[in-house]
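This document opens with one chain alone, in structure tokens, the form predicted on its own.
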């Protein structure tokens, strides 16, 4: 199968996948206990006002009618109107998603640059001191939930030591003094373009704790998975042959063992970046990061059905596209792989 046919087939498969996800999300969000109209109107609002809001939001119609109406709007690119702020959901996603990307990208690179080298180190020194220490550390990284890690980091570096800011994307006082023009919607990039160095350094300090928290679990998984794969590769015949030819140990590890070990590790990378971009709800909530996760959390609290659907569909697209990119990277690492 050619590359073009493979890509076309994978992209077309997005349609039934998204439809299936939309059905499940729509059903489970609508059967959850609670009344969005009552939450929006307020607990003390009269019943007439609540009923009026229910009609405006279309909640008085049968569920299957609401779903088909939603799908028909979705085909036109309309994700509906958010109950949270009465704005189009598409506009909200455009506003909040860049902040999530700005947080997820450094967290992803941090987990890769730390996790994979440590995994190689533990595999090369199997059952040694560093292997035992790092294996215990990786188990802790996998076991500790991200929100707990975030709270501990806040207590240590914000409340106790005062080295780093605690929440938000930028200091509020600095935000009122410095106005940065929005070009890319990424605060770090926009501040560099505008030459606002004070904003850049403040934004960089704000991103450290949430990025470290978000990368904590993936770093541990990269380390353990890389160790497992490297141990398998180091036992292969071609590794012994390379050593028998007199190649330096560093060349054997990097050029032969690591290159082949990265092929299955790339799959884990695709899952990790998809999780960071689409599932950083707890981390963004703990740090008050104004991204997609925080928007999703607030939408769930208010039973904002259109927003929940929009966030879920966007997260699904991110996961599917990351897996598609992973398949493309496979061929770069190993040209023997064919598209089937």
Partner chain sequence: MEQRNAPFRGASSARRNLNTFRRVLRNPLTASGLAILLVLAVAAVFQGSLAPYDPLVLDLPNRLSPPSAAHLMGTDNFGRDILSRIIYGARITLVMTVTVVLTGSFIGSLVGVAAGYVGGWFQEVVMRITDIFMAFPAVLLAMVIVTALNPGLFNAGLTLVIVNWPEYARVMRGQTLSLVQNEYVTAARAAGAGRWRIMLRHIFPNCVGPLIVQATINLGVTALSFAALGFLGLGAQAPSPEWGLMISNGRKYFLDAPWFPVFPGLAIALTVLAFNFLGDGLRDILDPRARR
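Under this definition, the rigid core comprises the largest set of C-alpha atoms superposing within 1.5 Å between the forms. Residue numbers count along the first chain shown, from 1. Predicted, not measured: the structure shown is a model, and the values here were computed from it.
Form predicted together with its partner chain: not shown, discussed below.
key: Residue among 116, 83, 154, 93 with a heavy atom within 4.5 Å of its partner chain in the predicted complex   = The residue in contact is 154.
task = Counting only non-hydrogen atoms, choose the one of 195-203, 222-230, 239-247, 257-265 that falls within 4.5 Å of its partner chain in the predicted complex.
result = In short, 222-230.
query = Using a 4.5 Å heavy atom cut-off, are 97, 104 and 330 all in contact with its partner chain in the predicted complex?
reply = Checking in the predicted complex: none of 97, 104 and 330 is within 4.5 Å of its partner chain.
inquiry  = Taking any heavy atom pair closer than or equal to 4.5 Å as contact, tell me whether residue 142 reaches its partner chain in the predicted complex.
reply    = Contact check for residue 142: yes, within 4.5 Å of its partner chain in the predicted complex.
query = Do residue 11 and its partner chain share at least one heavy atom pair within 4.5 Å in the predicted complex?
reply = Close contact is absent here: in the predicted complex, residue 11 is far from its partner chain, nothing within 4.5 Å, heavy atoms only.
ask   = Can any non-hydrogen atom of residue 324 be found within 4.5 angstroms of its partner chain in the predicted complex?
value = Residue 324 lies outside the contact set for its partner chain.
request  = Indicate whether residue 286 is a 4.5 Å heavy atom neighbour of its partner chain in the predicted complex.
outcome  = Looking in the predicted complex, residue contacts with its partner chain include residue 286, since a heavy atom lies within 4.5 Å.
message = For a quick check, can you give me the residues of 181-206 that have a heavy atom within 4.5 Å of its partner chain in the predicted complex?
response = Nothing in the stretch sits within 4.5 Å of the partner.
Threshold 2 Å Cα movement between this form and the one not shown for residue 67, core superposed = It does shift by 2 Å or more.
Large Cα move at residue 14 between this form and the one not shown, threshold 2 Å, rigid core = For residue 14, whose C-alpha is compared between this form and the one not shown after core superposition, the shift is 2 Å or more.
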